[in-house]
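Below you will find one chain, with nothing else, as structure tokens; this is the form predicted alone, and questions on how it binds or moves follow later.
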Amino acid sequence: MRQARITGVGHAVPERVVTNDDLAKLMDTSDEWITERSGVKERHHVSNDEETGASDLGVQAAEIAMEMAGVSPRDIDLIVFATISSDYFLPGSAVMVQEKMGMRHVGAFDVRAACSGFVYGLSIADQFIRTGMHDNILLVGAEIQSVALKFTTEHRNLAVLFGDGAGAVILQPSHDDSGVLSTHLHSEGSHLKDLWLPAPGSKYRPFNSKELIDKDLHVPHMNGREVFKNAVIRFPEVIQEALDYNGLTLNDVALIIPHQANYRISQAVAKRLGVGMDKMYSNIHKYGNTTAASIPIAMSEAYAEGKISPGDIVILAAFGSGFTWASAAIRW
């Protein structure tokens, strides 16, 4: 059976940079407080006077990835878009990418697995290529999260973490031993209220009640302690699962690209694995947590920095809302 390989990567972020000092003017916080707890120094947010959606950043990232892969919009035969902040409640952002890029009437759908969305999407795209159904798949992870945040002291634990951005990859059939070796997906819904955005949703009557807004149900909420505790367990587990499945050890791995949730989490995971931070790619200081976009943005930057070479074993790992967690082993 053939396997899928990544032939193009790209990323895009809004021009507007929001520093920790900028946030300190809006809430009771400081650069020291944010950096110590998360590792974030700055993040990119869309401008308040522009109607930029997740699909717009997705298109920008896709154009870069397609140029690298040497494919045109007309070559794409499937679009998978990972996001929890689609342009509209419905339809999904994938169909907007299809229209904006002048693609054929190909299949296009969104994946809503939060921070694990990109790896979930990679697993889906890999299966389509393995079965021979598609040959040129565009996979995007994109988020516009700043518009859903409340920049107040009460909500600072989330407001200081998240940024906007997009990453994209092109997947095509491999003609050698390179490609996606395996993917591993997990969930534990009993933790859904530890990191969630309750409204709007079909459980609420009426759907658009002012009461939902007054109760802050329209903004995300997080139990940071529970998220941290579970993340530092699940990240190493799912990374080891990918290694064991493929008969690999950490010595075989050139780079681990984790979801950029929190630098302290990455440090704790590296310690549990017994590896240095030089093997755990991190760019959270520049972008914050961009949820489904964080892994493809990091992958794009790591490639541009020469940290990934042909033949390298790269491990992707994610953990987030749901709880969901996932990993992928790739031979570049």
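All residue numbers refer to positions in the sequence shown, first residue = 1. The shown structure was predicted, so the numbers you read here are calculated from the model rather than taken from an experiment.
The protein also exists as the form predicted in complex with oxa(dethia)-CoA (UT7); that form is not presented, and the subsequent description refers to it.
Heavy atoms within 4.5 Å of oxa(dethia)-CoA (UT7) in the predicted bound form are found in one stretch of 219-227, 124-132, 83-91, 175-183, which is 219-227.
Among residues of the shown chain, residue 67 is not one whose heavy atoms approach oxa(dethia)-CoA (UT7) to within 4.5 Å in the predicted bound form. Although the partner is absent from this view, residue 136 stays clear of oxa(dethia)-CoA (UT7) in the predicted bound form, with no non-hydrogen atom inside 4.5 angstroms. Within 4.5 Å of some heavy atom of oxa(dethia)-CoA (UT7) in the predicted bound form lies at least one heavy atom of residue 33.
At the 4.5 Å threshold, heavy atoms of residue 98 stay clear of oxa(dethia)-CoA (UT7) in the predicted bound form, well away from it. Put simply, of 261, 242, 256, 111 only one has a heavy atom within 4.5 Å of oxa(dethia)-CoA (UT7) in the predicted bound form, and it is 261. Proximity to oxa(dethia)-CoA (UT7) in the predicted bound form, defined as a heavy atom within 4.5 Å, holds among 46, 265, 298, 59 only for 265. Scanning 184-209 for heavy atoms within 4.5 Å of oxa(dethia)-CoA (UT7) in the predicted bound form gives just one residue, 195.
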